[in-house]
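One chain is shown next in structure tokens, namely the form predicted on its own.
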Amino acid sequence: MKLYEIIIKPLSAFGTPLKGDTLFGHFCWQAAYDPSLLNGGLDKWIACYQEKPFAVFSSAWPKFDDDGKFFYAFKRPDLPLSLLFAPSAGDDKRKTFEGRKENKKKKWMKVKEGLLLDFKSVEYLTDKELMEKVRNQATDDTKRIMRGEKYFCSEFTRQHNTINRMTMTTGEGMFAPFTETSFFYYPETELAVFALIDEEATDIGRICAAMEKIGKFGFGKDASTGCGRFDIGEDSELELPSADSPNACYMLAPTVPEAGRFYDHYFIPFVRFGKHGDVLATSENPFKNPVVMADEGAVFMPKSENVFKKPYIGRAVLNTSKSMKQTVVQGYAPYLPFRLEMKI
């Protein structure tokens, strides 16, 4: 498989985070309506998806320019803080505790464009520090708009009303007003999605064409109200990430790891309560079975070096829908190999 980077430029608020499994689901709907996106059509590749994934998407990660060089801001690995931040020699308990509180705020990890992950030199950032770095590359108009904003990604509440045509007002039950939480990025944000593509099935041109349609229609929840719009920027082929003597994998998307392949793991559970989109959204049962995954930022330590021969980890998740038996969930995820030498 080949690895590509696709730049996404948000144009609206989002109701659903841009995670790898949901990007895969949106691509499948595009392929269902446009058979030319996959050689032989979607049914052919879904049938062998368990053995041979045709595309594996990462979650979307901020990309920014810092002193003339491009960096990615990945989620801080889900490792214990004691493994990431060693206490300074000579610190008493109070200073150690205060340092731990400060380090807990550092939710982002700054990684160079080459995707080389080295824990000895990696820099961790708080939301505020990331905001400052992206503010430096913003235009004057954007800086004026974002004045006072402290976070790279801000949440706000949207009110929804449904009018009863009999009374011409809201009411009770399905006509009761309710609120939804959405989030938005600052203007000119660029997000990087990493896509592993089997070129026997498709190519980067067709993947980007599908992504462009997704961005125009809207991604995820509340797309019908204008959420989830984005433009597609440049795409480029990247070398598969590598490291010297790797013994661990940092996950770039939610994943369902294969049983028995890892001797240690650090992750935060993430439960995907999936729901069908498109025409199945109004079917008798649009809801999928919940899928428990390891969230992006998980770290897995494989038993065998053979794991590093493939650029992804995980497995397909089947039998998640009562409305469409062919439904699959992307339990695969791209990863960054690295060497974990720190000890508890």
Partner chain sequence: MQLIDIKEIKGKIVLKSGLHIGAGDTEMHIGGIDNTVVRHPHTQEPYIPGSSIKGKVRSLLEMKSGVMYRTGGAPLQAKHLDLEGLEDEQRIECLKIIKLFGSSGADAEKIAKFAGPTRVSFADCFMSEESRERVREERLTLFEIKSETAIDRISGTAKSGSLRFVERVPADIKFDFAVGLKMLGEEDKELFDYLLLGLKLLEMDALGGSGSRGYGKIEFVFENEDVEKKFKNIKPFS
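For the two forms, the rigid core is made up of the largest set of C-alpha atoms that agree within 1.5 Å on superposition. Every value quoted in this text rests on a predicted model; they were computed, and no experiment measured them. Residue numbers count along the first chain shown, from 1.
From this point on, the text means the form predicted together with the partner chain, which you will not see here.
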query: D65: touches the partner chain in the model of the complex, heavy atom cutoff 4.5 angstroms; finding: no
query: Touches the partner chain in the model of the complex: K120 (any heavy atom, 4.5 Å); finding: no
query: Contact flag, K93 vs the partner chain in the model of the complex, heavy atom cut 4.5 Å; finding: no
query: 4.5 Å heavy atom contact, T225 and the partner chain in the model of the complex; finding: yes
query: K128, K143, K101, K216 - the one with a heavy atom within 4.5 Å of the partner chain in the model of the complex; finding: K216
query: The unique member of R229, K110, K106, R261 whose heavy atoms fall within 4.5 Å of the partner chain in the model of the complex; finding: R229
query: Candidate site E132, A176 and Y250: all three near the partner chain in the model of the complex by heavy atom within 4.5 Å; finding: no
query: Stretch in contact, per heavy atom within 4.5 angstroms of the partner chain in the model of the complex, of 184-192, 266-274, 237-245, 69-77; finding: 184-192
query: Neighbours of the partner chain in the model of the complex among 312-326 [non-hydrogen atom within 4.5 angstroms]; finding: none
query: Post core alignment: A259 C-alpha displaced by 2 Å or more between the shown form and the other one; finding: no
query: Residue shift check between the shown form and the other one, rigid core fit, S82 Cα at least 2 Å; finding: no
query: N161 C-alpha shift between the shown form and the other one of 2 Å or more, rigid core reference; finding: no
